[in-house]
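Shown here is one chain on its own, the form predicted on its own, set out as structure tokens.
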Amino acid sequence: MQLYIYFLGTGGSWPSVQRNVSAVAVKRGGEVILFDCGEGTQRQIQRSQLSYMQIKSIFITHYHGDHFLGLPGFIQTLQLNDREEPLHIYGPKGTKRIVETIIRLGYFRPSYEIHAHELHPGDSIRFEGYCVRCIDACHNVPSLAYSLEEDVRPGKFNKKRALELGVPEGRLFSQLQHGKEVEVNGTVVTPDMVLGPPRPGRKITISGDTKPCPQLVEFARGSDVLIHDATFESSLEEKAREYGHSTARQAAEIAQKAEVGTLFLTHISPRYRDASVLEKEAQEIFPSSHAASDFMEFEVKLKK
């Protein structure tokens, strides 16, 4: 199954000519999971290859405007496009009150179901084939960091060994690959006899707005992709600390300690028309660092 990250908004604070505010979509097969929904996200989706109707779940990191004020327009747009499937919105404490307020705005009442879920640090939400976990980030308001973690995959199938054991190709191969034992000529063949060691699924971690956060290192450990707050360059480290943000260098240090595959810098301050200074600063610490830009796409490939 293919897994793509779509950066819909990579700026912080307010929309600029170069960047819209925070929104990241993860497309897994035919499903899209949205992380944050800053103002204008619905238009960003229209300009991408994504479909509104594929979005079943939205995870909000925190309730600063640049991370959730796109929800009213997005919810109404779904209604105007005849949405029937329920929409689930997850976030920190206050999510239910905010979603209820949005639904009451003006004369608008959605005809489809909207379910609001308040999460606590350590919660894990199960979906088919993956889960989304959360921990506290280190921001100036209650804020969550999220990780999307796919289930462990079965080990590689040893076709040669299966044939040696007398298992014919076809239906019995498939049963073994799905963890079920089979019987051939009175002999039981178990999956461990023909499968290699389990293989990890993919992992994507999204920091939300945060200062350097010690618990985020373990939370992000081994991620294929870390998407991390990098609002400022190091010369503005004190300003970053005051407002609960990280510098590009600090984001790279987290990525290095957590041994992630790729780092994307996001929530970039509107002061940077060109984010290459942030990218260069991060690459000095963690070479596989990239300044995300709006409409950038990235495929997260399975480990062999």
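For every residue, the number given is its place in the sequence shown, counted from 1. Bear in mind that the values here come from a model prediction, so they are computed numbers and not experimental data.
This next part talks about the form predicted together with another copy of the chain, which is not shown.
Novice: Can you check 171-179, 228-236, 77-85, 149-157 and let me know which stretch has heavy atoms within 4.5 Å of another copy of the chain in the model of the complex?
Specialist: Partner-contacting stretch among the options: 77-85.
Novice: Can you pick the one in Arg271, Arg241, Lys56, Arg43 that has a heavy atom within 4.5 Å of another copy of the chain in the model of the complex?
Specialist: In short, Arg43.
Novice: Could you tell me which one of Cys131, Val141, Val217, Val184 places a heavy atom within 4.5 Å of another copy of the chain in the model of the complex?
Specialist: Contact check passes for Val141.
Novice: Although another copy of the chain is absent from this view, report whether Arg249 comes within 4.5 Å of it in the model of the complex, heavy atoms only.
Specialist: No.
Novice: So, in the model of the complex, is Ser111 in contact with another copy of the chain at a 4.5 angstroms heavy atom limit?
Specialist: Outside the cut-off, so no.
Novice: Report yes if any heavy atom of Ser289 sits within 4.5 Å of a heavy atom of another copy of the chain in the model of the complex; otherwise report no.
Specialist: Answer no; every heavy atom of Ser289 is more than 4.5 Å from another copy of the chain in the model of the complex.
Novice: Quick check on Val189: any heavy atom within 4.5 Å of another copy of the chain in the model of the complex?
Specialist: Because no heavy atom of Val189 falls inside 4.5 Å of another copy of the chain in the model of the complex, the answer is no.
Novice: Is any part of 53-80 within 4.5 angstroms of another copy of the chain in the model of the complex by a non-hydrogen atom, and which residues would that be?
Specialist: Tyr63, His64, Gly65, Phe68, Leu69, Gly70, Pro72, Gly73, Phe74, Gln76, Thr77, Leu80, in sequence order.
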